[in-house]
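As a starting point, one isolated chain is supplied in C-alpha coordinates, in the form predicted on its own.
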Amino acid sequence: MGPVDIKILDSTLREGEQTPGVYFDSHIKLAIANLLDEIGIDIIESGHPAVTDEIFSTVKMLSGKGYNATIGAHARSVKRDIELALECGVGFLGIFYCVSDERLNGVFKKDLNSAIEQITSSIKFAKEQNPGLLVRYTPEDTVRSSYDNVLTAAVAAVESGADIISIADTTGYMVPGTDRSMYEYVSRLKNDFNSRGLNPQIAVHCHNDRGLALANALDAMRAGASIIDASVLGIGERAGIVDLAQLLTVLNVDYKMERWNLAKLPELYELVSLHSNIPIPVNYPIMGGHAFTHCAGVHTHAAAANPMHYESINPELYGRERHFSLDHMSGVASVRYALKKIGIDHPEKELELDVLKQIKSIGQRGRIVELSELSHIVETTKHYKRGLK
(Lines give C-alpha, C1' and ligand atoms only; values in the text may rest on other atoms or scores of the structure.)
Protein backbone atom coordinates (compact mmCIF):
# COMPACT_ATOMS: atom_id res chain seq x y z
CA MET A 1 0.00 0.00 0.00
CA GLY A 2 1.32 3.46 -0.88
CA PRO A 3 1.49 6.36 1.57
CA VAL A 4 -1.80 7.97 2.52
CA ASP A 5 -2.46 11.62 3.35
CA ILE A 6 -0.28 11.94 6.44
CA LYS A 7 -0.95 14.17 9.43
CA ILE A 8 1.82 15.04 11.86
CA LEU A 9 1.16 15.21 15.57
CA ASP A 10 3.94 17.02 17.42
CA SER A 11 4.27 16.02 21.05
CA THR A 12 7.22 18.19 22.10
CA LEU A 13 5.06 19.97 24.68
CA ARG A 14 3.62 16.74 26.11
CA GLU A 15 5.89 13.73 25.51
CA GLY A 16 8.87 16.10 25.43
CA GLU A 17 8.19 17.19 29.00
CA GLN A 18 8.43 13.55 30.07
CA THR A 19 12.16 13.86 29.40
CA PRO A 20 13.91 13.96 32.79
CA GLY A 21 14.58 17.56 33.78
CA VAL A 22 12.67 19.17 30.90
CA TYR A 23 9.94 21.74 31.52
CA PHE A 24 9.06 24.62 29.22
CA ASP A 25 7.73 27.85 30.72
CA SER A 26 4.41 29.06 29.31
CA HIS A 27 5.95 31.78 27.13
CA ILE A 28 8.42 29.25 25.68
CA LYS A 29 5.57 26.84 24.95
CA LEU A 30 3.86 29.67 23.11
CA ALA A 31 6.99 30.36 21.06
CA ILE A 32 7.36 26.64 20.25
CA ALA A 33 3.69 26.33 19.27
CA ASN A 34 3.94 29.43 17.06
CA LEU A 35 6.80 27.84 15.11
CA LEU A 36 5.08 24.45 14.89
CA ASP A 37 2.04 26.18 13.42
CA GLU A 38 4.18 28.12 10.93
CA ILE A 39 5.84 24.87 9.85
CA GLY A 40 2.41 23.41 9.16
CA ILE A 41 2.06 20.77 11.88
CA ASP A 42 -1.47 19.33 11.93
CA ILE A 43 -1.91 18.58 15.64
CA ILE A 44 0.03 20.13 18.51
CA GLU A 45 -0.29 17.96 21.61
CA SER A 46 0.13 20.68 24.19
CA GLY A 47 0.09 18.84 27.50
CA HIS A 48 -1.88 16.99 30.15
CA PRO A 49 -4.01 19.67 31.88
CA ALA A 50 -4.53 17.56 35.02
CA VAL A 51 -0.81 17.50 35.85
CA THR A 52 -0.37 21.12 37.03
CA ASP A 53 -2.32 24.37 37.04
CA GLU A 54 0.30 25.96 34.80
CA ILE A 55 -0.06 23.23 32.17
CA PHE A 56 -3.84 23.70 32.31
CA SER A 57 -3.47 27.47 31.77
CA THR A 58 -1.00 27.01 28.93
CA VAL A 59 -3.15 24.45 27.10
CA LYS A 60 -6.08 26.84 27.44
CA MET A 61 -4.00 29.75 26.12
CA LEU A 62 -2.79 27.78 23.09
CA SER A 63 -6.32 26.55 22.34
CA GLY A 64 -7.45 30.15 22.00
CA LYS A 65 -4.69 31.27 19.63
CA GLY A 66 -6.58 30.49 16.42
CA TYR A 67 -3.81 28.37 14.93
CA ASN A 68 -4.27 26.40 11.73
CA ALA A 69 -3.04 23.46 13.79
CA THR A 70 -5.46 21.63 16.05
CA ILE A 71 -4.48 21.93 19.71
CA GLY A 72 -4.66 18.67 21.61
CA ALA A 73 -4.55 17.53 25.21
CA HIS A 74 -3.73 14.27 26.96
CA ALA A 75 -6.05 12.61 29.49
CA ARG A 76 -6.41 9.47 31.51
CA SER A 77 -9.70 7.60 31.11
CA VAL A 78 -11.20 9.47 34.06
CA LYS A 79 -13.92 12.10 34.00
CA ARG A 80 -11.94 14.82 35.83
CA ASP A 81 -9.05 14.70 33.33
CA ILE A 82 -11.51 14.96 30.45
CA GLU A 83 -13.40 17.84 32.06
CA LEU A 84 -10.18 19.82 32.50
CA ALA A 85 -9.17 19.24 28.87
CA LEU A 86 -12.62 20.32 27.66
CA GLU A 87 -12.41 23.46 29.82
CA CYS A 88 -9.26 24.33 27.87
CA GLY A 89 -11.23 24.30 24.61
CA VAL A 90 -9.01 21.78 22.81
CA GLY A 91 -9.99 20.33 19.44
CA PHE A 92 -8.24 16.99 20.02
CA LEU A 93 -8.26 14.74 23.05
CA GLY A 94 -5.98 11.73 23.54
CA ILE A 95 -7.39 9.22 26.04
CA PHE A 96 -5.17 6.33 27.13
CA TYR A 97 -5.65 3.10 29.04
CA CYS A 98 -3.48 -0.03 28.97
CA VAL A 99 -5.26 -3.34 28.38
CA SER A 100 -2.34 -5.75 28.74
CA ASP A 101 -3.14 -8.67 31.02
CA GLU A 102 -0.17 -7.78 33.22
CA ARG A 103 -1.40 -4.22 33.83
CA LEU A 104 -5.05 -5.23 34.19
CA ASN A 105 -4.26 -7.92 36.75
CA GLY A 106 -1.26 -6.39 38.48
CA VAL A 107 -1.87 -2.61 38.49
CA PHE A 108 -5.51 -1.82 37.77
CA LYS A 109 -7.01 -4.91 39.47
CA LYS A 110 -9.69 -5.01 36.76
CA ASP A 111 -10.87 -7.48 34.19
CA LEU A 112 -10.96 -6.52 30.51
CA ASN A 113 -14.70 -5.83 30.47
CA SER A 114 -14.44 -3.39 33.38
CA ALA A 115 -11.53 -1.63 31.69
CA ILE A 116 -13.47 -1.33 28.43
CA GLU A 117 -16.44 0.09 30.33
CA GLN A 118 -14.18 2.80 31.76
CA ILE A 119 -12.65 3.55 28.34
CA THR A 120 -15.96 3.72 26.48
CA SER A 121 -17.73 5.78 29.14
CA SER A 122 -14.85 8.29 29.00
CA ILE A 123 -15.08 8.57 25.21
CA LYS A 124 -18.88 8.91 25.27
CA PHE A 125 -18.67 11.62 27.93
CA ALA A 126 -16.12 13.62 25.91
CA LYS A 127 -18.19 13.34 22.72
CA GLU A 128 -21.40 14.32 24.51
CA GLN A 129 -19.74 17.49 25.79
CA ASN A 130 -18.23 18.35 22.38
CA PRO A 131 -19.47 16.29 19.39
CA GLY A 132 -16.89 17.92 17.09
CA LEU A 133 -13.97 16.90 19.30
CA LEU A 134 -11.39 14.59 17.69
CA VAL A 135 -10.95 11.73 20.16
CA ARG A 136 -8.00 9.33 20.06
CA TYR A 137 -7.87 6.16 22.13
CA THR A 138 -4.44 4.66 22.87
CA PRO A 139 -4.00 1.23 24.46
CA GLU A 140 -0.65 1.92 26.14
CA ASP A 141 2.06 -0.58 25.24
CA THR A 142 -0.20 -1.69 22.41
CA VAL A 143 2.24 -3.94 20.60
CA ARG A 144 3.24 -5.98 23.67
CA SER A 145 -0.35 -6.41 24.89
CA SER A 146 -2.59 -9.29 23.96
CA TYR A 147 -3.77 -8.55 20.42
CA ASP A 148 -7.25 -9.80 21.25
CA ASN A 149 -7.44 -7.40 24.20
CA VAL A 150 -6.28 -4.50 22.01
CA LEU A 151 -8.75 -5.30 19.24
CA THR A 152 -11.68 -5.74 21.62
CA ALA A 153 -10.92 -2.45 23.40
CA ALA A 154 -10.23 -0.55 20.16
CA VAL A 155 -13.44 -1.76 18.48
CA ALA A 156 -15.45 -0.75 21.54
CA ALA A 157 -13.70 2.64 21.57
CA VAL A 158 -14.53 3.31 17.92
CA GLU A 159 -18.13 2.20 18.39
CA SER A 160 -18.33 4.65 21.32
CA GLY A 161 -17.13 7.56 19.19
CA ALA A 162 -13.34 7.44 19.05
CA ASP A 163 -12.08 8.88 15.74
CA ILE A 164 -8.48 7.65 16.03
CA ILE A 165 -6.85 4.52 17.39
CA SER A 166 -3.18 4.97 18.23
CA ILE A 167 -0.77 2.04 18.15
CA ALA A 168 1.77 2.75 20.86
CA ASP A 169 5.17 1.10 20.67
CA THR A 170 5.75 2.33 24.21
CA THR A 171 9.09 0.56 24.70
CA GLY A 172 10.55 0.76 21.17
CA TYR A 173 9.97 -2.98 20.79
CA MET A 174 9.14 -3.28 17.09
CA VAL A 175 11.73 -4.28 14.45
CA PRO A 176 10.99 -3.99 10.71
CA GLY A 177 11.10 -7.22 8.74
CA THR A 178 10.66 -9.49 11.77
CA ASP A 179 7.68 -11.03 13.52
CA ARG A 180 7.51 -7.72 15.43
CA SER A 181 6.76 -5.68 12.29
CA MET A 182 4.78 -2.46 12.60
CA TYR A 183 3.71 -2.89 8.97
CA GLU A 184 2.13 -6.25 9.77
CA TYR A 185 0.54 -4.95 12.97
CA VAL A 186 -1.13 -1.97 11.29
CA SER A 187 -2.25 -4.11 8.36
CA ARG A 188 -3.81 -6.67 10.67
CA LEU A 189 -5.61 -4.08 12.78
CA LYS A 190 -6.97 -2.24 9.73
CA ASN A 191 -8.23 -5.50 8.23
CA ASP A 192 -9.96 -6.42 11.47
CA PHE A 193 -11.62 -2.99 11.61
CA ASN A 194 -12.70 -3.23 7.98
CA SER A 195 -14.25 -6.65 8.52
CA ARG A 196 -16.46 -5.02 11.18
CA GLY A 197 -17.41 -2.09 8.99
CA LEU A 198 -15.22 0.34 10.96
CA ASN A 199 -12.69 2.78 9.53
CA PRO A 200 -10.99 4.84 12.25
CA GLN A 201 -7.84 6.80 11.53
CA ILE A 202 -4.73 4.91 12.66
CA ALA A 203 -2.00 6.79 14.49
CA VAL A 204 1.40 5.50 15.60
CA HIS A 205 3.48 6.55 18.58
CA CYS A 206 6.91 4.97 18.17
CA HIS A 207 9.59 5.10 20.85
CA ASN A 208 13.26 4.99 19.92
CA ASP A 209 14.75 2.51 22.41
CA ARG A 210 16.32 0.49 19.59
CA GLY A 211 16.93 3.49 17.31
CA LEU A 212 14.11 2.29 15.03
CA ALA A 213 11.34 4.79 15.78
CA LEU A 214 11.44 6.49 12.37
CA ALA A 215 11.75 3.18 10.50
CA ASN A 216 8.75 1.79 12.39
CA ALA A 217 6.70 4.94 11.76
CA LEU A 218 7.40 4.72 8.02
CA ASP A 219 6.52 1.01 8.12
CA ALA A 220 3.20 1.95 9.72
CA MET A 221 2.56 4.63 7.11
CA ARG A 222 3.21 2.12 4.35
CA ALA A 223 0.48 -0.06 5.86
CA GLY A 224 -2.02 2.79 5.98
CA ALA A 225 -1.45 4.67 9.24
CA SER A 226 -2.33 8.31 8.67
CA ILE A 227 -1.07 10.08 11.82
CA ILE A 228 2.53 9.96 13.04
CA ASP A 229 3.64 11.31 16.41
CA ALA A 230 7.00 13.11 16.59
CA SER A 231 8.86 15.66 18.69
CA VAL A 232 11.65 18.17 18.27
CA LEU A 233 14.98 16.38 18.85
CA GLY A 234 12.91 13.24 19.38
CA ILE A 235 12.66 14.14 23.09
CA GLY A 236 10.49 12.09 25.39
CA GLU A 237 10.61 9.17 27.82
CA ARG A 238 13.98 7.36 27.86
CA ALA A 239 15.39 7.48 24.29
CA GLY A 240 12.41 9.52 23.08
CA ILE A 241 10.28 9.16 19.97
CA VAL A 242 10.45 9.98 16.24
CA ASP A 243 12.48 13.09 15.48
CA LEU A 244 10.33 15.74 13.78
CA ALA A 245 12.92 17.11 11.33
CA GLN A 246 13.98 13.66 10.16
CA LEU A 247 10.35 12.61 9.64
CA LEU A 248 9.43 15.77 7.71
CA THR A 249 12.56 15.43 5.58
CA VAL A 250 11.72 11.88 4.48
CA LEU A 251 8.10 12.81 3.78
CA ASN A 252 9.17 15.90 1.81
CA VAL A 253 12.22 14.63 -0.06
CA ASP A 254 11.40 10.96 -0.53
CA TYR A 255 7.59 10.86 -0.56
CA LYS A 256 7.18 14.25 -2.28
CA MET A 257 4.81 15.62 0.37
CA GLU A 258 5.96 19.20 0.06
CA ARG A 259 3.52 20.98 2.37
CA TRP A 260 5.71 21.83 5.36
CA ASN A 261 7.85 24.95 5.83
CA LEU A 262 11.15 23.24 6.56
CA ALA A 263 13.06 26.53 6.64
CA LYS A 264 11.61 27.17 10.12
CA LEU A 265 13.10 23.99 11.57
CA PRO A 266 16.53 25.41 12.56
CA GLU A 267 14.90 28.18 14.60
CA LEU A 268 12.57 25.67 16.26
CA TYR A 269 15.41 23.27 17.11
CA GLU A 270 17.60 26.02 18.55
CA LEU A 271 14.69 27.21 20.71
CA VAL A 272 13.86 23.75 22.05
CA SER A 273 17.53 22.87 22.56
CA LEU A 274 18.15 26.06 24.52
CA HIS A 275 15.18 25.71 26.84
CA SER A 276 15.42 21.95 27.34
CA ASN A 277 19.19 22.14 28.00
CA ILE A 278 19.63 19.35 25.46
CA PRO A 279 22.41 20.13 22.94
CA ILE A 280 21.84 19.19 19.31
CA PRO A 281 24.49 16.52 18.59
CA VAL A 282 26.85 17.75 15.86
CA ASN A 283 26.36 14.54 13.88
CA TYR A 284 22.55 14.61 14.23
CA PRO A 285 20.78 14.09 10.88
CA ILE A 286 19.36 17.27 9.28
CA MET A 287 19.75 19.64 12.24
CA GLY A 288 23.24 18.72 13.49
CA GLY A 289 26.11 21.15 13.03
CA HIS A 290 27.95 18.69 10.76
CA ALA A 291 24.91 17.49 8.80
CA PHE A 292 25.99 19.43 5.71
CA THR A 293 29.73 19.72 6.39
CA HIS A 294 32.21 17.88 4.16
CA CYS A 295 35.61 16.96 5.55
CA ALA A 296 37.76 14.41 3.67
CA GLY A 297 39.73 15.77 0.72
CA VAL A 298 38.15 13.42 -1.81
CA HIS A 299 34.69 14.37 -0.59
CA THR A 300 35.26 18.10 -0.64
CA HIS A 301 36.85 18.03 -4.09
CA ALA A 302 33.83 16.17 -5.53
CA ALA A 303 31.23 18.09 -3.52
CA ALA A 304 32.68 21.46 -4.53
CA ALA A 305 32.17 20.49 -8.17
CA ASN A 306 28.74 18.92 -7.61
CA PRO A 307 27.29 18.70 -4.08
CA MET A 308 25.09 15.74 -5.02
CA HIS A 309 28.19 13.56 -5.26
CA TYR A 310 28.16 13.41 -1.45
CA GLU A 311 24.72 14.78 -0.53
CA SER A 312 21.22 13.44 -1.07
CA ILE A 313 19.46 16.30 0.74
CA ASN A 314 19.74 19.98 -0.14
CA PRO A 315 20.61 22.16 2.91
CA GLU A 316 18.77 25.08 1.29
CA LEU A 317 15.47 23.35 2.18
CA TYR A 318 16.20 24.40 5.76
CA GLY A 319 17.80 27.75 5.01
CA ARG A 320 21.17 26.16 5.77
CA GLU A 321 24.46 26.16 3.83
CA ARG A 322 26.94 23.40 3.12
CA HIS A 323 30.38 23.80 4.62
CA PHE A 324 33.82 22.35 3.99
CA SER A 325 35.73 21.58 7.15
CA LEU A 326 39.29 22.86 7.34
CA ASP A 327 41.39 20.42 9.36
CA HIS A 328 43.92 17.60 9.00
CA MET A 329 41.67 15.84 6.42
CA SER A 330 41.50 18.87 4.09
CA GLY A 331 42.83 18.99 0.55
CA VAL A 332 43.58 21.76 -1.93
CA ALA A 333 39.94 21.85 -3.08
CA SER A 334 38.79 22.69 0.46
CA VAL A 335 41.36 25.46 0.77
CA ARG A 336 40.49 26.92 -2.65
CA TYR A 337 36.78 26.91 -1.78
CA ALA A 338 37.40 28.54 1.61
CA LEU A 339 39.73 31.18 0.16
CA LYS A 340 37.05 32.10 -2.34
CA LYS A 341 34.60 32.51 0.54
CA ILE A 342 36.88 35.17 2.09
CA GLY A 343 37.39 36.99 -1.21
CA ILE A 344 40.59 35.40 -2.56
CA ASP A 345 39.51 34.14 -5.99
CA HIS A 346 42.66 33.08 -7.81
CA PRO A 347 45.36 32.32 -5.24
CA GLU A 348 48.83 31.27 -6.30
CA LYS A 349 49.39 27.54 -6.11
CA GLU A 350 52.24 28.04 -3.66
CA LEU A 351 50.00 30.02 -1.32
CA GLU A 352 47.32 27.31 -1.42
CA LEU A 353 49.86 24.66 -0.48
CA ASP A 354 51.41 26.72 2.30
CA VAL A 355 47.99 27.54 3.77
CA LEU A 356 46.98 23.88 3.49
CA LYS A 357 50.12 22.88 5.41
CA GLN A 358 49.19 25.26 8.23
CA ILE A 359 45.59 23.99 8.29
CA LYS A 360 46.72 20.35 8.51
CA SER A 361 49.09 21.22 11.34
CA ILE A 362 46.28 22.89 13.29
CA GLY A 363 43.90 20.02 12.48
CA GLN A 364 46.33 17.48 13.92
CA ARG A 365 45.95 19.29 17.25
CA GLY A 366 42.22 18.48 17.20
CA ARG A 367 40.97 21.85 16.03
CA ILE A 368 38.97 23.08 13.01
CA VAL A 369 40.03 26.28 11.26
CA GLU A 370 37.10 28.67 10.95
CA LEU A 371 36.80 31.13 8.06
CA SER A 372 37.38 34.02 10.48
CA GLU A 373 40.79 32.50 11.27
CA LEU A 374 41.70 31.67 7.69
CA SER A 375 42.43 35.26 6.66
CA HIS A 376 44.98 35.53 9.49
CA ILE A 377 46.66 32.31 8.35
CA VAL A 378 46.89 33.74 4.84
CA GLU A 379 48.35 37.00 6.16
CA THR A 380 51.00 35.31 8.32
CA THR A 381 51.88 32.87 5.54
CA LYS A 382 52.50 35.78 3.16
CA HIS A 383 54.48 37.62 5.84
CA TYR A 384 56.84 34.70 6.45
CA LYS A 385 57.29 34.18 2.72
CA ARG A 386 58.28 37.82 2.32
CA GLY A 387 60.70 37.47 5.23
CA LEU A 388 62.45 34.58 3.55
CA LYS A 389 63.10 36.51 0.35
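Position 1 is the first residue in the sequence shown; the rest follow in order. From a predicted model like this one, the values you see are computed outputs, not experimental measurements.
One more form of this protein, predicted together with a small molecule, exists but is not displayed; see below.
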{"item": "Which of 263-271, 104-112, 155-163, 203-211 lines the interface with the small molecule in the predicted complex (heavy atom within 4.5 Å)", "value": "203-211"}
{"item": "is_contact(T19, the small molecule) in the predicted complex, heavy atom dist at most 4.5 Å", "value": "no"}
{"item": "Contact test in the predicted complex: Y318 vs the small molecule, heavy atoms, 4.5 Å", "value": "no"}
{"item": "Contact flag, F96 vs the small molecule in the predicted complex, heavy atom cut 4.5 Å", "value": "yes"}
{"item": "The small molecule contact in the predicted complex: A168, any heavy atom under 4.5 Å", "value": "yes"}
{"item": "Heavy atom within 4.5 Å of the small molecule in the predicted complex - the one residue of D192, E311, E140, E83 that qualifies", "value": "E140"}
